[in-house]
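One chain comes next, on its own, written out as structure tokens in the form predicted on its own.
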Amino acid sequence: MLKDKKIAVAVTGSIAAYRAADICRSLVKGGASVTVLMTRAAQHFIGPTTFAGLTGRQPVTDLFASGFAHLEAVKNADILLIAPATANIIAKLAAGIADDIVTTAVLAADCPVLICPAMNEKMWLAKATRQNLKTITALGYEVIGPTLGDLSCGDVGWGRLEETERIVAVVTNRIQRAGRLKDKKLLVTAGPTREYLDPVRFISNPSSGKMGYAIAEEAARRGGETILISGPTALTPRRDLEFVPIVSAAELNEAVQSYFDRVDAVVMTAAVADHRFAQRSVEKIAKEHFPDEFKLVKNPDILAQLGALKNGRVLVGFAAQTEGLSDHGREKLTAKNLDLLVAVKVGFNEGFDRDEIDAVLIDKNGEEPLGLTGKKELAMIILDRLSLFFTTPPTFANLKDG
């Protein structure tokens, strides 16, 4: 799985540093060539000799030992994995500080950087840490974990280093899928639209944009040149995305049409308002003059328009349903000439603004129920399917009718 792949593992000063030994052992067992970098603080918890024995290479511990250690450690690396990553190292990366072997190597790395946090729950939930996580995510670094569990301080809470099996699985996934979308251009839409009645009132929906942003970020990680068109959300897009903010369905339609000829695939996750107000006031409507009824007009069906114009492009749509995911999804797949339809379950307490969602993948060959799935994991699954359309249409081998 990892044969001939070069992985740099950076270990920082957390008591969870001992678990980095298990991670290195698993990566080496998978066939990877592993180079370990250690901060001075990390060496208080585990010695370099342990990693030398596991990897067959002496860990890089001193920035000034010889030559350009920080450059050589990540030269031609397929992945740079920081496990465990302390709150301190995350803060340094957010600020662009490079004052030790790990932070300088990160800035020099020309490969995906995966960060596995480990710390006390109070530190994990601290406002400064939350802000730093947003910053490093926007810089393009990927965060894995942490999990909820027993902490070294004796508490139980969030901050435990992610399990070795999952860390290794994510690393393997990243390496296997790297470059799959190279030389491809993708357009992803995300978030809600807003249809204003007056400057302070509008029709919208609870879409958080998490699904669309996850897909756009995953596409960029796989080498795709990605355009993200998004309605209003609280999310920060990665800096390697071409970001286009919109508000209304009309603005979304205009943006999509302007980029459509430039791309190879479109993934429409945006929750578009079906209607808008027939009239919009430029001033706030006073309460005493507020009408009892409003006239609505239909917005353009953007997805159907793209289906009619697709001309060889791969078109992926979403259908948010409260029931009948498969039936409604298949109708939409056919009616709008889609290549792949993702039917998702929504309701007052599910779907919108959650990190997990109940989904069914549908194409012309059949369907695959995924059940409750994390949105980041679903993004990977969707792009796995989408990638196949650039070679041969995907089939679902587990289907009775496929």
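The first residue of the shown sequence is 1; numbering continues from there. Just so we're clear, the structure is a prediction, and the values are computed from it rather than from any experiment.
One more form of this protein should be noted, the form predicted in complex with a small molecule, which is absent from this view; the next part is about it.
Just one listed stretch, out of 164-172, 232-240, 73-81, 317-325, contacts the small molecule in the predicted complex at the 4.5 Å heavy atom level, and that stretch is 317-325.
Although the partner is absent from this view, P300 contacts the small molecule in the predicted complex, with a non-hydrogen atom inside 4.5 angstroms.
Proximity of K332 to the small molecule in the predicted complex: non-hydrogen atoms within 4.5 Å are present. When the small molecule is considered in the predicted complex, M268 lines it closely, a heavy atom lying within 4.5 Å. In the predicted complex, the small molecule stays beyond 4.5 Å of every heavy atom belonging to V113.
Just one of A214, V272, V263, I136 comes within 4.5 Å of the small molecule in the predicted complex, counting any heavy atom, and that one is V272.
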